[in-house]
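Heads up, the chain below is alone and in the form predicted alone; it's given as structure tokens.
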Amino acid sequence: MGQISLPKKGMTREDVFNSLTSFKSDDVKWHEGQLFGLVYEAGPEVEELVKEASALFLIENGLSPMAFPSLVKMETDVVSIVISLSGGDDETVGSFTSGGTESIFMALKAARDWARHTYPRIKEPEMVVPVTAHPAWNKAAHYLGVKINMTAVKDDLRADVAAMKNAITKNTIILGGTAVTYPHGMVDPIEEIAALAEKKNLWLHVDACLGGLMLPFLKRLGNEIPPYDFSVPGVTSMSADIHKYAYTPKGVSTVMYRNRDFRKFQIFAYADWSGGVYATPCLAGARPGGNMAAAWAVLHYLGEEGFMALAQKARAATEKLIKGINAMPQLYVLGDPDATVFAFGSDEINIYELSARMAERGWHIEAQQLPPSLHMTVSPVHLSIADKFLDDLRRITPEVPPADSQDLSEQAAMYAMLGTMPDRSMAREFAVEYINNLYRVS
């Protein structure tokens, strides 16, 4: 594709929207429940609500609380609601962010600066997290100059606290746990990690980006959910995404702290600029007001009863899918997932080829590695299509070649190749080159 230039004459409104609509022709049909992740769907009523609410504040800018007190009101309300769902109290505080990556980034930044104040002897800070932690931890560590030490998980795919303890050094400042893990849908043993953090006087961040707006409602519905939030002594900070199981547009997340003394290390302020004092709570300066309005709208529209009904549907769909997959002799679900996220694999067939063949029928299932598996993030909409998905899976699975087969589609071959590279630096270089080529214009 050659270089694209700004057109000399503008397109008509009709042509603009015809073009935009055509761009979507090859996208996965997520409205039909054919996508397990990336988009979280609560139905057309909620979708229309967030579109209208977002449009009402689309142009407003969250950078200036003086100019737009409406945004401060909505942001404060949203964070307060999420705190209440996360075991917080009157001392707990938080901030609105653009997504889970920024939330984790800000928590690590706060922990790093807290450590500079608390442990000035530490010049090369380190953190300890399980290997199932989201790569946002690695990204934050890379940008913030914190060494990351990753530890193995147990056979149940949850954090091995003994391994985490052994990985702590004199430079460790922060521990991390997840509720729920993206690869396998597990809640790490947060109580045990928190006890370790308290004993060592370390910061503990719980990444509840995926589970933060699902686990509280599953617990209310009677599901057994391990303790993971601020009700656990020793938890210093948490992150919870609203644009996942609160069904709002991307990107809306929250980062929360046990009290203001911890959050102050997150805030950036510069007093010597000729344009005036510049201060922001998070990484972004200008922030879209539309996302704040959408988050406020959906939380108040659904309420506790609405969220519980959606959580019940998502969990019912998850249980049906897990039961159906485990009943297939060539497939199995990894571990015993806690909520509405899981992965399945096989010792008999080529799981990546299965993903490719399901894609031919319209099902988009993300492939994973270490070990090879397919990822399933389940939304309420999937309850209505679970039987169809399982029927297709039953028909296709017996046709898939053995696990050691190289009979793969192009996409599946890429996952298989990356997953089996013994030198992980080769996989990293491949990924960098892939992204570098993907977003070029000529």
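These numbers were taken from a predicted model, which means no experiment stands behind them. Residues carry their position along the shown sequence, with the first being 1.
We do not show the form predicted in complex with a small molecule, though everything after this point is about it.
Asks: Can you work out which of H243, K109, K313, R287 has a heavy atom no more than 4.5 Å from the small molecule in the predicted complex?
Replies: Looking at H243, K109, K313, R287 one by one, just H243 meets the 4.5 Å heavy-atom criterion.
Asks: By the heavy atom within 4.5 Å rule, which residue out of T101, S95, S346, T236 makes contact with the small molecule in the predicted complex?
Replies: The option sitting close enough to the partner is T101.
Asks: Using a 4.5 Å heavy atom cut-off, which of 274 to 282, 346 to 354, 315 to 323, 178 to 186 contacts the small molecule in the predicted complex?
Replies: Careful reading of the contacts points to 178 to 186.
Asks: Any of the heavy atoms of R263 lying within 4.5 Å of the small molecule in the predicted complex?
Replies: No, no contact at 4.5 Å.
Asks: In the predicted complex, does V78 have a heavy atom within 4.5 Å of the small molecule?
Replies: Judged by the heavy-atom cut-off of 4.5 Å, V78 is well away from the small molecule in the predicted complex.
Asks: Indicate whether R258 is a 4.5 Å heavy atom neighbour of the small molecule in the predicted complex.
Replies: R258: no contact with the small molecule in the predicted complex.
Asks: Residue-level question: is R158 within 4.5 Å of the small molecule in the predicted complex, judged on heavy atoms?
Replies: R158: no contact with the small molecule in the predicted complex.
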